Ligand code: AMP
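Heads up, the chain below is alone and in the form predicted alone; it's given as structure tokens.
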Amino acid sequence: MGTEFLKIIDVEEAKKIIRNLFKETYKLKSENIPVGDAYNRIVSEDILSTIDLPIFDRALKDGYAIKSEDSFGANEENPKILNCIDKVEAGSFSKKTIKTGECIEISTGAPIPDGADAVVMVEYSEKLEESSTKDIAILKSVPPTEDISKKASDIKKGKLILRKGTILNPVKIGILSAQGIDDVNVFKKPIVSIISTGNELLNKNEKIEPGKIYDANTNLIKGVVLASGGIPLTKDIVKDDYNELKMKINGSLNSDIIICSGGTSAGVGDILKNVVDEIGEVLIHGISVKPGKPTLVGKIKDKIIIGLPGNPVSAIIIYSIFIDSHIRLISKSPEKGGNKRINFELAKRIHSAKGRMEYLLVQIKNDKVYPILKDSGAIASLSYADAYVKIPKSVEIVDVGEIVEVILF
């Protein structure tokens, strides 16, 4: 069992199979969630305004609501004196109607009283303490609508406020909340179960010992799934045991996608292919790529299962090349700066194995590219890597000074 690869296929053929598999298996879905939980989610339908905003004429400044004509010609040397008949604050309203020669003290955000058509800022007014009535001196002439936000001047009822595909940031969530909208339809994120396999793996709370390593891939893959717009669901480490792995995979079929790391090579201890063969179908087992040759892709019932290599560098590169874009497509998550391609000059010669497409981690310094020449199991190389370069299978040497295209993580 598990002694050979199903068939080694080229990168482009693998991409085509995976693309078609995702297209046939998953359709865009939406779900209704509370607005308060919708940060960074993608709106799945156009959203129209349910009310006018503002819903009434309101004051933009603290001051006095007046008839604008009562202020014409006013200045500090020749103020206009108005009788203040009421006071209105935000959250309340005045039942009185302003007549010629009258004003009402008003706070920012409060409704404009009937009869008023302007607001004089408090800085351009003066209370006449010696007056027997509540007289106010207006020290500035103001035009109609001065410091008034008119009803529906911001948003009219029935107008488009958010388009389908909009990312909900705090500002846009605030817009929905101002409309009194409690729930919003967003594209549903795929749930991705993550299973790390291997007798050598330890949890973080276990003591390290010879022959053992701490599990890095669970959190590594969790991070990239989150970045792609998926919802990662981490599982316990599975040892190299056929029945245990089979049980764990069957128990993960309530998720949308299953990603396993490790257990994909054609060796005695690598059993993923055999489990998938029994309960589903293996579509890819072996891609002509370096690193990541032992990648596995299959289908169990109506769910896709991906077998990534156990080496962290291989796992992250294979995920970036073959899986990331499809999870983004399902969740409608946009590219966030990742996979951006830029040309730089190569600072050090690269030797590549002819016959396989190679993806090599690189560091960018002073507008030059430096290859990171570590094996695919050297996780420390990820801490230095800014990007990777693609070397065609027909190329053995890329020389110093050549311009290469780098793909940013």
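Since the structure is predicted, the reported quantities are computational estimates derived from the model, not experimental observations. When you see a residue number, it is the position in the sequence shown, counting from 1.
One more form of this protein, predicted in complex with adenosine monophosphate, exists but is not displayed; see below.
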statement: Within 4.5 Å of adenosine monophosphate in the predicted complex by heavy atoms, the stretch out of 324-332, 109-117, 211-219, 283-291 is 211-219
Adenosine monophosphate contact at Ser228 in the predicted complex, heavy atom, 4.5 Å: no
query: Hey, in the predicted complex, is Ser141 touching adenosine monophosphate, heavy atoms inside 4.5 Å?
result: no
query: Looking in the predicted complex, any heavy atom of Asp154 within 4.5 Å of adenosine monophosphate?
result: no
query: Is there any non-hydrogen atom of Asp135 lying within 4.5 Å of adenosine monophosphate in the predicted complex?
result: no
- request: Sort through Ser149, Asn311, Ser94, Gln179 and report the residue having a heavy atom within 4.5 Å of adenosine monophosphate in the predicted complex.
  value: Asn311
- line: Students should find that, of Glu200, Asp277, Asp241, Glu126, the residue having a non-hydrogen atom no more than 4.5 angstroms from adenosine monophosphate in the predicted complex is Glu200
